[in-house]
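Given as structure tokens, the chain that follows is alone and in the form predicted on its own.
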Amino acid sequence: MKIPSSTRRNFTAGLLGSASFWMYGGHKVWADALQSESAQSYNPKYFNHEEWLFLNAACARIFPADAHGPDAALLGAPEFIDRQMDTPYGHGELWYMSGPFKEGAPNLGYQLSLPPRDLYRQAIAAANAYVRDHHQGQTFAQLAIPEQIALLKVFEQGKMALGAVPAHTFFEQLRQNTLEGVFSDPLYGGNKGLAGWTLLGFPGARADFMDWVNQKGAPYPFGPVSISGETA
């Protein structure tokens, strides 16, 4: 399937008329259900209160709500990220973490001495300090949405450092983990209500969907199912 644009809105619009679009009609149902579920708030295990507010706001800006579905915060991306911080991944145990630590080309991979959990902690603190200095004592989560978006663009373009963390590196870490949370199996805390998979028309962990492979334009007749057996 050709993806006409890197934007989420254009990507999903590009599915109109495809085998996946039949699933979109109920998107308001997921949004309402997820909004109700969010009232039963998750208590973060790693992030403190201020970090948690930052993470929820930033995830929602990176993957915003639109006509096709909810934002990343409602889909559980912050919970997914928080859970990851106390895994071998969060502690950097899956990476080579010995020196020398020198800035290198992107194809050389991660070059900092900080595991993901420390990268988040230092970068979020520095980001909120920057916001306080430039926005009358407010934190990132307190900014209006257009201001949050503008600041994330500054991070993405790498025009500043967040303590020991290059802003671009932090943005890419946050963007990658946000998308992982949106499209992960719900077992890991994200993709609430399987709404991320429903958005894509992805069948999930179904044992057998080979009857629908290579049937161009034929709608897949079943919703996604998670590893644990949850269905959309």
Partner chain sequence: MCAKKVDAIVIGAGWAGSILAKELTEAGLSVVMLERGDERATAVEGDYPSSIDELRGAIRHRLFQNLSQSTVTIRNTLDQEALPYRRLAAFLPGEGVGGAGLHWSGVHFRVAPDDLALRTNVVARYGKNFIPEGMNLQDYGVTYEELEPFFDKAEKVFGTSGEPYTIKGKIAGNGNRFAPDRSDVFPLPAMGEVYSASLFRSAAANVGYHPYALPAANASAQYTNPYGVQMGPCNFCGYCSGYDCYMYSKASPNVNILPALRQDPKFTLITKAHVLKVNLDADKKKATGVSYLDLRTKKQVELDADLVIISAFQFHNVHLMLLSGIGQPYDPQQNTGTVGRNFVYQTITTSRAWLSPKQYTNLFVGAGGAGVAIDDFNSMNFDHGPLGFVGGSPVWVNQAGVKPIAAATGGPGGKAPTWGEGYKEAMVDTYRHSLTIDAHGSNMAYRDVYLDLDPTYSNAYGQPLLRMTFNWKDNDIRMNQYVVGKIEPIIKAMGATKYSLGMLKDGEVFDTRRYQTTHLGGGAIMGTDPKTSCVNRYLQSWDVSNVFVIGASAFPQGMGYNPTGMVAALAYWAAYHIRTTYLKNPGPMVQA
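Residue numbers count along the first chain shown, from 1. Bear in mind the structure is a predicted one, so any value in this text is a computation, not a measurement.
Below, we turn to the form predicted in complex with the partner chain, even though it does not appear here.
Listed residues 44, 193, 64, 166 were compared with the partner chain in the predicted complex; 64 is the one with a heavy atom within 4.5 Å. Within this chain, residue 202 lines the site of the partner chain in the predicted complex, having a heavy atom no more than 4.5 Å away. Using a 4.5 angstroms limit between non-hydrogen atoms, residue 136 is distant from the partner chain in the predicted complex. In the predicted complex, none of the heavy atoms of residue 48 sits within 4.5 Å of a heavy atom of the partner chain. Under a 4.5 angstroms non-hydrogen atom cutoff, the partner chain in the predicted complex has residue 188 among its neighbouring residues. Contact annotation for 170-196: residues with any non-hydrogen atom within 4.5 angstroms of the partner chain in the predicted complex are 171, 173, 175, 176, 177, 179, 180, 183, 184, 187, 188, listed in sequence order.
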